[in-house]
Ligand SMILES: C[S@@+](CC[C@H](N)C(=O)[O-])C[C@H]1O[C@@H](n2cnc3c(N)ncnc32)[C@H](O)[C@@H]1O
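Take a look at this one chain, the form predicted on its own, written out in structure tokens.
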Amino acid sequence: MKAELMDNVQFIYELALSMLELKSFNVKFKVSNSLRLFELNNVNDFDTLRRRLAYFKKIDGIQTDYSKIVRYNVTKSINQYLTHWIYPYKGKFHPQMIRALLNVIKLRKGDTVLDPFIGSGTTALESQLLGINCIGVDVSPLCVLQSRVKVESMFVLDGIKTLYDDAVKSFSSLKGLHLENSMNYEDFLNSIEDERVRNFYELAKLVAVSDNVRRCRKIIDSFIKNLDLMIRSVEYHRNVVKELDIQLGNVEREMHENWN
């Protein structure tokens, strides 16, 4: 049986993680073809390898789940698939690396991982996709918000779509960073009963503000463009779960402003 590395694998640490992944599933192997192809022995559970491995695109000629998941992308980066890309965050983990590390430490479906610095929610999303439960903690309300949006929005996608026109209309009162009738959008947010839908539209506003400040883009145009991309990403999230029959892990997030 042979396993072929993902095309984007180019660093030594990635090769090392790919080897550690195989070892975590008690697979013996030999590396050939300029470190791109692995000859596997002692494979007891082919299906588990196919569904979980992060650094391999094919096993025994069959595509891995990860190689299919990364196709669901609205950005140019392979590591920003599904909802990972939403909201700029410096110092993000590579999702591929996190997926591999969850395998390396031998967390299995139904286990729980604690991320005490949840940040942008990379661990939360990758755990969810592997069926691993995740508890995330962060002192930053923004980190908690964006990580919630990334893993919860798929469950309320229909509700999000229903409010699209109202969101754009209420946001149209914005000019630059100066808000004219700024309560319009705030009223819109406050009118949303489902917290998960409200969080989605709150983050959409913050993405537009970030684009305006960092890239000098027109805030209204940025809001509409990114809102469309966010909705498409959530659609991808929901679609890939159905296509690959993924049994999602549960994700819990908490925000602690005072550690004393």
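The structure presented is a predicted model; accordingly, all values stated were derived computationally and were not measured. Quick note: we count residues from 1 along the sequence shown, nothing fancier.
The same protein also has a form predicted in complex with the ligand, omitted here; what follows describes it.
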{"property": "Distance check, I118 to the ligand in the model of the complex, heavy atom within 4.5 Å", "result": "yes"}
{"property": "Exercise: T122 in contact with the ligand in the model of the complex, heavy atom 4.5 Å", "result": "yes"}
{"property": "Proximity of K92 to the ligand in the model of the complex, heavy atoms at 4.5 Å", "result": "yes"}
{"property": "The ligand contact at V139 in the model of the complex, heavy atom, 4.5 Å", "result": "yes"}
{"property": "Listed range touching the ligand, judged in the model of the complex by heavy atoms within 4.5 Å, from 151-159, 68-76, 109-117, 184-192", "result": "109-117"}
{"property": "Interface residue in the model of the complex among L163, C143, I132, V104, criterion: non-hydrogen atom within 4.5 angstroms of the ligand", "result": "C143"}
